[in-house]
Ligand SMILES: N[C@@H](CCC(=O)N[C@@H](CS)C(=O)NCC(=O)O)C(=O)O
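What follows is a single chain, given as structure tokens, in the form predicted alone.
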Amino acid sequence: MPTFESPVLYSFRRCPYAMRARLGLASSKQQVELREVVLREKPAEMIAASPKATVPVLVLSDGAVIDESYDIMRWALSQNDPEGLRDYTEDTLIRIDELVAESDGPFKSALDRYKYPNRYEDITREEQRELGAAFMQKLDKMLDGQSFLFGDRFSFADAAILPFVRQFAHVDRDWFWADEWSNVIRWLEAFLESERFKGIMMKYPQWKSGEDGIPFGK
């Protein structure tokens, strides 16, 4: 396996999974070499590291590979968690994992079918939007009276779920912002306006084999 001076992150700016990974790395202050991927021209190095060939892929300095976004977040924050994104009781961490599993499972399934209905058979866009809306309503209740999902500080759950709420909101902005989940809208808008979000959404040129990547994370 190849080795690197610092971990290498294959990323794509607009992918919510890659956003999630970058949020974890940025919070942990773990510097990586970011290689921005164009999905129609996936680099051979990324495919060799992870045959599933989807971003994000993190190749550690010893050549070990982490290719699930949630696991990249876990790894980063296990190295350093200065904001305390995972500084919760064991019971709360279980609840966080369960909520993220719901986001990654039923909600993401509905989101994909709502955004790309022509790719699926025997579904209607409206039904899938309503399934997604049910998750928004659940989050809205959680956010009632507090700034974030598990209290008054940004947590692992917020970082893991907000990129997908952003994607859901942008499918039909007029519909989303007109609905009755005012707490979700407040939460999302605060995130989109934050230095945290701006910091992970800087534009980088496409990485080419043989080039250096962009230092990211410190």
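Throughout, we count residues from 1 along the sequence that is shown. The structure presented is a predicted model; accordingly, all values stated were derived computationally and were not measured.
Although it is not shown, the form predicted together with this ligand is what the next lines describe.
query: Which of 184-192, 152-160, 170-178, 62-70 has heavy atoms within 4.5 Å of this ligand in the model of the complex?
result: In short, 62-70.
- prompt: Among 165, 34, 55, 49, which has at least one heavy atom within 4.5 Å of this ligand in the model of the complex?
  reply: Of the listed residues, the single hit is 55.
query: Counting only non-hydrogen atoms and a 4.5 angstroms cut-off, does residue 207 reach this ligand in the model of the complex?
result: Contact with this ligand, no.
- request: Output the sequence-ordered list of residues from 115-133 with at least one heavy atom within 4.5 Å of this ligand in the model of the complex.
  value: None of them.
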